[in-house]
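The data below hold one chain only, encoded as structure tokens and taken in the form predicted on its own.
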């Protein structure tokens, strides 16, 4: 008698490393700082990947978890403005306009465990378990279902590091990074054994914090904190190795790396100067404020024609779109072209600052696209584009050492990944593979 072998149930494990650029990951693998990652890369296909636009975590992670363009899911940054009052608001998980890949998996009866996922606060029902990542304000609203809150509190779970230490106490920040990674490891171990999951995801955000405040320690061997920065990366590599081993031990018969995904949401580079776009708009006659020392764009005058938000987003103050809009809709395209031409000429010590200027319709598509900025700017590495209103100078020093970049995120996967991938491409491949 011939017996049919029962088909093994497919599972996926995703580990996210926030803000780790392609080149850095490869270098740390080659230099044996991250030997487990180096072994993975040798057995699979590491690819450079484009982040979402603009390249910030709230937008990129929202694009990853929906497989959608920002014009579809509706998240364009960590902040946005209320159209009538121009008051800054902070989009939450409730503002996400499209289903997540976890929702889609739940429709076919699959369960998920998601730990420290940025842009998911406050936590809401998912088919399984969700622990929100930054920007989460309190743990009590970051856990679904609530029955797991006590266990997380008991293990001293941390949503994020104390970023204030990055400015005032770099060694304390490194201590905090190590302690926070340990709580991430404990949470992963806890949920791994308690949930009957098909999809497991955990995100390490400490890498992003390290790069913002201590980029020099990461890339320069002569920096006094270089060895501690490398020790942190060795700990991250060990955590990835634990996830890899646990995944393969629990899924006998898997091919090498089959079902495992490692990715980042954007790249990183060093910072030379902040570039304050609202100061440039004011200098060039496109913007003014009702008083000196404005706290936000809520204080722009009614004859302001354009204003900027982080990071590199420029909105035209169009009549009918904003409460004090003064730009006639038929004049908007000409104004946009004029702004783009002027910004292409922006220079610091003779060096061009802006490398890409994307009009809205070129990068955003979907039912929310009209809510997006009219222009998205990308800069040369070293020039960090800001939407602050609090300083009059266009170029300024910054306490940050690192800034986000667009086209050097990475993905490593045992699943098929397209050449020249974008982060929004991954969700469809994961859902399709699990359904196969």
Partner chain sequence: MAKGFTLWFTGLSGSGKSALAERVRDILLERGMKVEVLDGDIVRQNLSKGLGFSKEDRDTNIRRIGFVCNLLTRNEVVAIAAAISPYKAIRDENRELIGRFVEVYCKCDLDTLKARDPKGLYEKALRGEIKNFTGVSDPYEAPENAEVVVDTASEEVDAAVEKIIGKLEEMRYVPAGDGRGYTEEEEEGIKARLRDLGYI
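Residue numbers count along the first chain shown, from 1. Small disclaimer: the values here were computed from a predicted structure and weren't measured.
In what follows, reference is made to the form predicted together with the partner chain, a form of this protein that is not presented.
Stretch in contact, per heavy atom within 4.5 angstroms of the partner chain in the model of the complex, of 346 to 354, 67 to 75, 298 to 306, 88 to 96: Contact criterion met by 88 to 96 only.
Close approach of residue 122 to the partner chain in the model of the complex, 4.5 Å, heavy atom: Within the cut-off, so yes.
Even though the partner isn't displayed, in the model of the complex is residue 136 close enough to the partner chain, meaning a heavy atom within 4.5 Å? Close contact exists here: in the model of the complex, residue 136 approaches the partner chain to within 4.5 Å, heavy atoms only.
Using a 4.5 Å heavy atom cut-off, state whether residue 395 contacts the partner chain in the model of the complex. No, residue 395 is distant from the partner.
Report whether the minimum heavy atom distance between residue 362 and the partner chain in the model of the complex is within 4.5 Å. No, residue 362 is distant from the partner.
Work out which of 325, 259, 170, 127 lies within 4.5 Å of the partner chain in the model of the complex, going by heavy atoms. Going through each option in turn, the one that passes is 127.
Answer with one of 244, 215, 192, 144: the residue that has a non-hydrogen atom within 4.5 Å of the partner chain in the model of the complex. Going through each option in turn, the one that passes is 144.
Going through 224 to 240 from first to last, which residues have a non-hydrogen atom within 4.5 Å of the partner chain in the model of the complex? Result: empty, none.
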